[in-house]
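Given as structure tokens, the chain that follows is alone and in the form predicted on its own.
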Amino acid sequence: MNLSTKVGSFALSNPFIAASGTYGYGTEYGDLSPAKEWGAVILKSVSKNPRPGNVPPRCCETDSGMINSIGLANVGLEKYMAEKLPAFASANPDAVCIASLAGETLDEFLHLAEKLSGNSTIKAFELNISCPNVAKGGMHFGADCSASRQLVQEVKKISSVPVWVKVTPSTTDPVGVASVCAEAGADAVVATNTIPAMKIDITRCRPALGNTFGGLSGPAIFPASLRIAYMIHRALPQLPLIGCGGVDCGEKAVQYILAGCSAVEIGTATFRRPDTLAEVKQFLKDYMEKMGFKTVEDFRGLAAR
């Protein structure tokens, strides 16, 4: 079976992408889940300046998933370029690397895109538009169609690589946000980011997370994220789409493809089972053989027709 796929003009050897924030800087998993085995890996989000992240505890387990409040902790752009990218390239010469950009303002996003566009290791950008837009009083780019349009337009003017936009499930109009991003020139949309959530520790009688709220990921969010991906594809069938949220087995990955996605991000599942990728790839091969599909494109979007 031919597992290769294209996200727009961006070619991948298989449709599975390691999600940002779950695969570290691309060297931590080593032989447990080699970067070259993925269609692509998205490194931990980078911001202009180093970020210490939120106060601990930063993660807690919940039914069918986990809640994290990492707060985009990262080494900052300077160290990212000087140390993390060279280390990834050295350890994974055959892997496809995507940078996740996390800016609090439009200017920060543009600074990141400008500095990283010429880096040969990076093959695409994923814009994390769920970050607080400080210049707009703490609103989220992803919940504001006007801000999303401006952001994508300006980054596209600078970027020398494809630009993907990761949409938030928190907006009441995810199709509208995806539409303006497409109009602004986004090369693909990723549906979706984590869902706002919380947990309370009944022994301490306090929120389980130091920052009170966090983002829910894992199997619990799969049906909600799948719905949004399906809605976006039905409304915008020509827009390259990547499914993200809750994939912990091959069946769920196939559902995203049937909903219209050309590729699927996998994240939280690898914390529990680092070999998730191997199982999902084998399931996809077996499914395609059983159904008589030769390529991913043969059944992409079939459930939405």
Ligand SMILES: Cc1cc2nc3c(=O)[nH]c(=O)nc-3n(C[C@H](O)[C@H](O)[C@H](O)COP(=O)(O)O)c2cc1C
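Each residue number is its position in the shown sequence, starting from 1. Keep in mind that this is a model prediction, so the values were computed, not measured.
The same protein has a further form, the form predicted together with this ligand, not shown here; the description that follows concerns it.
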### Query
So, N68, G246 and T268: all three within 4.5 Å of this ligand in the predicted bound form by heavy atoms, or not?
yes
#### Entry: Contacting member of L209, A186, A113, I221, with respect to this ligand in the predicted bound form [4.5 Å, heavy atom]
I221
## Note on the structure
Per contact check vs this ligand in the predicted bound form (non-hydrogen atom within 4.5 angstroms), the hit among 293 to 301, 5 to 13, 278 to 286, 18 to 26 is 18 to 26
### Query
K166 near this ligand in the predicted bound form, any heavy atom under 4.5 Å?
yes
### Query
S148 near this ligand in the predicted bound form, any heavy atom under 4.5 Å?
no
### Query
Does the 4.5 Å heavy atom contact test between K252 and this ligand in the predicted bound form come out positive?
no
### Query
Wondering, does S47 line up within 4.5 Å of this ligand in the predicted bound form on heavy atoms?
no
### Message
Given a 4.5 Å distance limit between heavy atoms, list every residue of 184 to 220 close to this ligand in the predicted bound form, or none if there are none.
### Response
T192, N193, T194, S217, G218
